[in-house]
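The data below hold one chain only, encoded as structure tokens and taken in the form predicted on its own.
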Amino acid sequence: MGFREYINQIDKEGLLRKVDLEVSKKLEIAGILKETEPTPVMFTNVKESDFRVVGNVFCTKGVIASYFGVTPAELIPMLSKAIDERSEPEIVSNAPCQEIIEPNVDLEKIPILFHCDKDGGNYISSAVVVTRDPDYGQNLDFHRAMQYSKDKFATRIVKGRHFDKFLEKNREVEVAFCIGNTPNILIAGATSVDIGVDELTIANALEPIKVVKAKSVDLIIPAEAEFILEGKVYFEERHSEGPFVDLTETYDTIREEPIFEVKKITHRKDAIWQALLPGALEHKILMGMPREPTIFTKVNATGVKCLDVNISPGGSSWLHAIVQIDKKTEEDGKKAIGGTFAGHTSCKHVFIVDKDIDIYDPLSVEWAMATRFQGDTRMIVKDKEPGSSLDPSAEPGTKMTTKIGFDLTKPLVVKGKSFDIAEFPKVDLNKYF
């Protein structure tokens, strides 16, 4: 289903809250969304715009699993299969995202949010960005963009990303910022796959989609998106970008970043702007979850049976990974630590647990550390190596960091007290209350 259809569905189910009072795109909407997360909220009366805004739509793994009709534990195998068995989406000539073609580019008419008081400006944070290279073809990714005029943004391009390679090679790149997308497109845009893979084929494997040729650039875009901002990003032209709240809920620094000049805006009739709070739950889940299948695959490649992976919100959904294994040998924990770091190189701390530990319950994981872990034999401290630029404690400039793996699994041969969790009787409370 499209984003619009999903919003209508959760509205019918009573899961969508609505704010009909006039609210401002500057600070007010972001504040309401933060106070109400993870509840989806629609703003029908935005002071500075005729368009509606919706946020907190996909804040939890459970919500995303429900969208696909699976359990949270089934998401990783499903995404892994989609990456391996990609399929081409249907190309159409008429698309909802092009129902309205704006005669002039004026970003002031769009409810691009000003999230926090120290931000550098109004920011797009929910856009899936489509780019193309003559040799490699299309790429999907997430790139934030700070508005500084009626037709221009400064957009953050992280070094080493595929878009960065396209831009450095070609000096200017046609782009389409697509806003208002469903989880298959959002997750596909956040996956890490080889250069040359069009992530729209991953999105289509997760759930069939339709695509259409953009109006002013040579790109294929999601047909049912709410807004499309088409234009070019220029390598040589720069503008200061930031501050902006990072995934770690801390402010990123100000940099000189490439300029995105918007040449064309198209959108659906009565379009809905999809907000995504920086550093909040939805940002975390959409960033971290697509890295879980790569960890899952790498751990299994070590010969250890991986059952599930949680790149946890407490670790900013980027720096911590909790990995559940079916332990068969005493070396499995350490092997799984190595596989996890191989599967997500930005990871800083890894926690390996047994199958009786709930990796989505921080108390359960902490209990495993308290009762099953000894630092002198179950902890692996790696030599300093590049980590994540998102980590405020990493060495500035180089990203050098200390990575640690914690084997929280119980020994296969018990010599003292039992490591098993005592189970209480199961009762039906409806009989008693």
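Just count from 1 along the sequence shown to find any residue number. Bear in mind the structure is a predicted one, so any value in this text is a computation, not a measurement.
Although not depicted, the form predicted in complex with a small molecule is the subject of the following passage.
Checklist entry - 190 to 198, 82 to 90, 259 to 267, 217 to 225: which one contacts the small molecule in the predicted bound form at 4.5 Å, heavy atom to heavy atom? => result Among the listed stretches, the partner-contacting one is 190 to 198.
Next on the checklist: Counting any non-hydrogen atom inside 4.5 Å, which residue from 327, 162, 348, 115 sits next to the small molecule in the predicted bound form?
Outcome noted: Exactly one residue meets the criterion: 162.
Checklist entry - Since exactly one of 101, 301, 158, 254 fits, which has a heavy atom within 4.5 Å of the small molecule in the predicted bound form? => result After the contact test, the surviving option is 158.
Checklist entry - Does residue 287 reach the small molecule in the predicted bound form if we count a contact as any heavy atom within 4.5 Å? => result Residue 287 belongs to the contact set for the small molecule.
Next on the checklist: With the partner left out here, check for me: in the predicted bound form, does some heavy atom of residue 140 sit within 4.5 Å of the small molecule?
Outcome noted: Yes, residue 140 sits close enough to the small molecule in the predicted bound form that at least one of its heavy atoms falls within 4.5 Å.
Item to check | 4.5 angstroms heavy atom contact with the small molecule in the predicted bound form for residue 206 | outcome: Contact check for residue 206: no, nothing within 4.5 Å of the small molecule in the predicted bound form.
Next on the checklist: Can you work out whether residue 294 and the small molecule are in contact in the predicted bound form, taking contact to mean some heavy atom pair no more than 4.5 Å apart?
Outcome noted: Flag for residue 294 set to no.
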